[in-house]
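Heads up, the chain below is alone and in the form predicted on its own; it's given as structure tokens.
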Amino acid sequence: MSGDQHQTSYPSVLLHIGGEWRAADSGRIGEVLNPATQDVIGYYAHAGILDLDLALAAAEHGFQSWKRVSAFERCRVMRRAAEILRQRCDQIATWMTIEQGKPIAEARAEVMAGADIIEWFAEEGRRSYGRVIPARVPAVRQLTVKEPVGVVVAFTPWNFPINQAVRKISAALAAGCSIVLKAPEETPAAPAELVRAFVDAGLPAGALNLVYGTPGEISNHLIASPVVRKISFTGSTAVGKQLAALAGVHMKRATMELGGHTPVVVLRDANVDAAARITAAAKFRNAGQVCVSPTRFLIEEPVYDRFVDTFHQATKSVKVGSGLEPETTMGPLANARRIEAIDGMVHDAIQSGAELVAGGQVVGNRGYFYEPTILSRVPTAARVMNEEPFGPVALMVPLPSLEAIIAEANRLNFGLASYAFTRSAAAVNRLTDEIAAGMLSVNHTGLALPEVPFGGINDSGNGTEGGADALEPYLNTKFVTHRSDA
């Protein structure tokens, strides 16, 4: 990225390969649009095959350097990167809002949370312990040691340009791996500044590389390379399955954080008003473009009308507009594709028999704005009840019992996040045992902290990108045994 770090205009975003910020070898560039205005605001360097090969070579070289750095010193470098990210928060957040659309307060929170994630992984990397295994005979020693798996390739989406990339970068670097990050073309500036924070903290050349380009070309070329030992992908289930299959062909480890269709269980004994306010705030965060966004509200019939009414009242306070305006609480959708998809699903649901409580319309004639939308009594056959909407649409469904709610929650093969609101310990125990999801949050929305697991099951992926388990996929376990009386 060229120019003064304190500039207010949107930058031109370069590739980062082997410690250098550079244009694509071909000179090719791509446009970046502001989703609030549909204006072209900048450009990114569009990598070709030669650039990808340079990135692979740089990562291979960088791995040889970085893996020899002690875990203690790796921690120090990463902590410096976290501090640099905090210092640059306002500038990075502004660029994120311009390129992605989310309100500036959410963008700032994402940058600061990214710094916390770096610090957490930095410290966790110092605790990659091996084991001493008791031997059967006195002269034998048996132990395991942890070693970095090697070069990692990561693919990250546009909905959280910092948050999704920082988990993969931090886990890889904390383990001693090098990494090639394929960041999103729609939102290139924020992840570039994340990379810059690591580089400016003193990371060796080649340990962290950044490319943009044609997603299919990049994934096919990088995953097939014998240099690469692990991939990590966040995105749609359909693309994730393709990449997981490609990784399997080439015997590469793969962590997949894929789509969801999050159920929200509201039982008759819940604090209904609090549940409605909490979930309304979560539903319209980032315009619903969140993989763990509350989506299917499965509500016991005695409290259904009250919940829907309270949720509706909370929704009325959502202010749609440019993310740069301080009063805005929901910005635009990311692109024209999302508008078309959401509008199509909403109209299909209404035609299928759902009741429109609020929203359901495009806002204005410039930018990708859509009203916060509530659909009531949505039939199971509606597309939006089966396909991840990934937008500002809340689906309300009355059900007669906990048994019926659990059955509907588990009807789809997604299994990322789930929420529940109840005062019953027995119900919590049953939901813990029976809800098919990688995460369950009861009476609050307590997900995605650095120290807790983050991941799904079934069509929502495999592996975790948070908590103590997140480092393990980036490490090999080597067994060593020796006999001293030979």
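For every residue, the number given is its place in the sequence shown, counted from 1. This structure is a prediction, so every number in the text was calculated from the model and none was measured.
This protein has a second form, the form predicted together with a small molecule, left out of what is shown; the following refers to that one.
Partner-contacting position among L173, L258, I118, I405 - heavy atom within 4.5 Å of the small molecule in the predicted bound form: So the residue touching the small molecule in the predicted bound form, by this definition, is L258.
Position in contact with the small molecule when the complex is considered in the predicted bound form, options T329, S352, Q142, S236, heavy atoms within 4.5 Å: Looking at the other structure, the residue within range turns out to be S236.
Contact stretch among 73 to 81, 91 to 99, 129 to 137, 333 to 341 - heavy atom within 4.5 Å of the small molecule in the predicted bound form: That would be stretch 333 to 341.
Residue contact check: G360 to the small molecule in the predicted bound form, 4.5 Å heavy atom: G360: no, not in contact with the small molecule in the predicted bound form.
4.5 Å heavy atom contact, S219 and the small molecule in the predicted bound form: Flag for S219 set to yes.
Distance check, P215 to the small molecule in the predicted bound form, heavy atom within 4.5 Å: It does: once the small molecule is placed as it appears in the predicted bound form, P215 has a heavy atom within 4.5 Å of it.
Any non-hydrogen atom of Q164 within 4.5 angstroms of the small molecule in the predicted bound form: The answer is yes: Q164 has a heavy atom within 4.5 Å of the small molecule.
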